[in-house]
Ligand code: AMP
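Below you will find one chain, with nothing else, as structure tokens; this is the form predicted alone, and questions on how it binds or moves follow later.
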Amino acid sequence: MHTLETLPFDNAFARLPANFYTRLSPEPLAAPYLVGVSPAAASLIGLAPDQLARPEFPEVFAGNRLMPGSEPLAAVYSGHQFGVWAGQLGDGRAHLLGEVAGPATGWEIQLKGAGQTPYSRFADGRAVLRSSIREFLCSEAMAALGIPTTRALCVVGSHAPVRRESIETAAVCTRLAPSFIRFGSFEHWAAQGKGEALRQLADYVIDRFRPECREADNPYDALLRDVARRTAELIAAWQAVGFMHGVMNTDNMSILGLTLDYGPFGFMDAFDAGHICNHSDDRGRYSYKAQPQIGHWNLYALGHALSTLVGEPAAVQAAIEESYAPAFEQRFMDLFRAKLGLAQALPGDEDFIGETFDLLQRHHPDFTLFFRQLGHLPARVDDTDRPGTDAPVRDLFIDRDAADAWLTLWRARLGAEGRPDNKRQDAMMAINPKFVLRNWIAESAIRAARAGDFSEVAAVQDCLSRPFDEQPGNAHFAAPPPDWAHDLEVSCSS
């Protein structure tokens, strides 16, 4: 295990040519204090547990004190935002400290909110406590759900004022990822006609993260296919837990297929396929039901950027179409079969899953509770016992008859397999979380933290690190939104 002074930095991204980034140090943050920390994330970089309690820890991860071997920089990229070409963007409030070797892979350490960079575009380069807590909690919650994601080591706060819609206080969220390279990183060089830089970046990704692509006749075609498959599987996983990213711009899409840049995200409460979690998204471009098609759109933006390496437009189209839709459909069906307790793929499953979504859309039960409670029900029940036995699911519906009719279909489908209840129920508990980071839970932790109480951040983090466990003591975190939270909104400033 390592101390803050002995983390083994090996900064591969910093060895790319100088036009890929700007070297600069973070801006100091006044009187930083620790808001929350993830021991699980710390273990990824081999940071010893006792280091998390050191007084120097907040200073380091506020950007006030550099660790030996770090080489801070801000990366340049471009991208499409809400479907419109935005031109040059870049790390406007993020500083990449460097890469630390881990047991399985290297982990880049990035400070988000550590001050202005050349890519800040007139912004202050800061993050606020509100958004930093949300990213910290959700990054670690998604990892516990088994969904590919960047990680969050800690949040450091300060009383330094930051102006948003109102005056808030500053914070820095420390993020970890094997790489923070985005679709927009490739779009940047393609838009500038810098073919050599584009090739250098593609070679860097292939050689460091996807060496198997080198075995293909065209490694760049293989890379695009890999990104398409991983993106499809990622978005299918989002759909399965009711997660909405909120701002799927191409500069927020990871080339490694990770969930990247937590801003106006949300988890589904009462189901609505058209739900828009981002208050800034007035046209619903990034609604729940739109996420799969936006992933497809974004891949074409990436494919266009890579076209000089992949080949003719037909080759780009083939790489995407032969990879994305098949991977999404396969993963989506596998996940929803498992969520429904189905172990085998049988004819008619697609129709049944469609009927399930129709039920959810017509009656709007709580998405997470519906699947979790379903896992408690037996495969067989006497008619006289049904109201009591099925109450955990029926009580989520105003129209109990509709629930009863669907449950009859569900039990008929279970009967086609005949799997023992105990095995099926255990499997359903292992894929249907009891706990997700609902907006009201994050907001409650944020309000407490603003008052100087960080215990709820820790309590939420601990609960969401075990999302599939029953945790009777944390039952309140599994509840739908309380009355005070129904009007909560998040936007791009979140």
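Quick note: we count residues from 1 along the sequence shown, nothing fancier. Owing to the predicted nature of the structure, the values given are computational and were not obtained by experimental measurement.
The same protein has a further form, the form predicted together with this ligand, not shown here; the description that follows concerns it.
Contact between Gly125 and this ligand in the predicted complex is found at the 4.5 Å heavy atom cutoff. The closest non-hydrogen atom of Leu89 lies within 4.5 Å of this ligand in the predicted complex. In the predicted complex, no heavy atom of Arg419 sits within 4.5 Å of this ligand.
At least one heavy atom of Arg121 is located within 4.5 Å of this ligand in the predicted complex. Of the residues Glu187, Asp261, Asp226, Glu140, just one reaches this ligand in the predicted complex with a heavy atom at 4.5 Å or closer; this is Asp261. Between this ligand and the residues Arg93, Arg400, Lys339, His80, the one pair within 4.5 Å by heavy atoms in the predicted complex involves Arg93.
Note on the interface: of 246-254, 389-397, 199-207, 269-277, the segment with non-hydrogen atoms within 4.5 angstroms of this ligand in the predicted complex is 246-254. Taking this ligand as it sits in the predicted complex, the stretch 137-167 comes within 4.5 angstroms of it through a non-hydrogen atom at just one residue, Arg164.
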